[in-house]
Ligand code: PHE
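In the form predicted on its own, a lone chain appears below as structure tokens.
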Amino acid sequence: MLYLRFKIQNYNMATENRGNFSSKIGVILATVGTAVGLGNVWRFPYVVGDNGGGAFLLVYVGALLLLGIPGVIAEFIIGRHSHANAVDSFKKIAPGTKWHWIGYSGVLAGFLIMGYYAVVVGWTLEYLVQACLGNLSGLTTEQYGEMFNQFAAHPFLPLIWTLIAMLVSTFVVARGVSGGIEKASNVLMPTFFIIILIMVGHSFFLPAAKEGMLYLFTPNFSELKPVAILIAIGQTFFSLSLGMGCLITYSSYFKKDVKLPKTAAQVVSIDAMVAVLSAMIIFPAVFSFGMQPEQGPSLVFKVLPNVFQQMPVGTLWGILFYALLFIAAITSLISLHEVVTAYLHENSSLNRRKSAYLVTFLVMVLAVFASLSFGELSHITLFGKTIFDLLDFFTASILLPVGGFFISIFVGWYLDKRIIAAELRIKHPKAHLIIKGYIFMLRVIVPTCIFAVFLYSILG
């Protein structure tokens, strides 16, 4: 009984002193930092290249409008109304039910994603340092590929960079919401936008800038395969961090004056803009120097170093690009870290700092196996996938779609309409019709599309 009373008191103290974002611009920058990550700068350009350029871009924008904004708002409603972490939010809104398992799925997804995502963040640090040292020049395309393969397979070096990345995120998360996450976002995100705009401006002066831009913005529906629609939906959820508890956790720190629909629209718009700007950097570059736009995931680490070395002042552009990539990656890593840390802190006797460091220790244990799957443990496979690939597949293809599906069902079918209306606070003569339309999307359109993506990921 004494233990139970202590645990309840500890929980109440943790939830009452959770903190909030101190300003509206802090809300936007921090939440954009959650959404903007490797999915925008690394994944989006090669997905566009694999699926026909401009036509895919239109499909992607449609997916953002129909699924992205409703999905973000749904997670905002849960987080802001509960003012709790990804698990306890469901316990508070739906006590005595099993809905909190959605929260556990999000926390698990966040932890497992960190296990391999932190490794990739470490790669960006390695390439940033190599670019600063001038070591990303003078090699052939094959040598760049060999350079990356040797680095990824090294037993210790990638883990050193992974640990540095985790310690950076730990330092930020341990300092709390306004003192850590918000302050870091207020510095990192403006720096990110300055760098990306400089690089886009530079792209306009490359020899094949026109061809690259035409490829990106000219719809060619003859090259658009039906499966591209599912890929666009999957990219939407991957890019916006839907279904992994990040947006629920961050919105639990929103004050009541934050307008959820407006904030969701701003976050989705900026996220899409970053993805397009990233493509505007990469496509003129690959067209200018004889590369192919559908190079796949190897584009960033095996192809672009060769592109940068052919540019005037190529070392500078390499440094800027990998700095851009690192900022995008570390802000997302911080948000994933916060999901797990917030849950641990608010459900144990550990303070925030100790919780953050414990999460880092556990993630590093997982990261060791993920990193070594490129070298010493490459022979260990399950369903034909290495440990790294299995973590990627299980989270991106199973946990995230399942989480997004049930969050949509929860808000659309279970949550009281009065709560939805109170959180949305739409001031319009036909507000009730807008809310009905939104609920219909959550009940029918969003889960149907997510289910289709889920089947494609599993069976396709």
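The numbering used is simple: start at 1 and walk along the sequence shown. Source: prediction; values computed, not measured.
Another form, the form predicted in complex with phenylalanine (PHE), is not on view; read the next lines as being about it.
The three residues 40, 113 and 238 all sit with a heavy atom within 4.5 Å of phenylalanine (PHE) in the predicted complex. Note that among 199-207, 341-349, 113-121, 299-307, the stretch whose heavy atoms approach phenylalanine (PHE) to within 4.5 Å in the predicted complex is 113-121. Among 324, 233, 336, 367, the residue placing a heavy atom within 4.5 Å of phenylalanine (PHE) in the predicted complex is 336.
Among 72, 246, 356, 282, the residue placing a heavy atom within 4.5 Å of phenylalanine (PHE) in the predicted complex is 246.
Not displayed here, phenylalanine (PHE) is approached by residue 34 to within 4.5 Å at the level of heavy atoms in the predicted complex. At least one heavy atom of residue 332 is located within 4.5 Å of phenylalanine (PHE) in the predicted complex.
In the predicted complex, no residue of 119-148 lies within 4.5 Å of phenylalanine (PHE) by any heavy atom.
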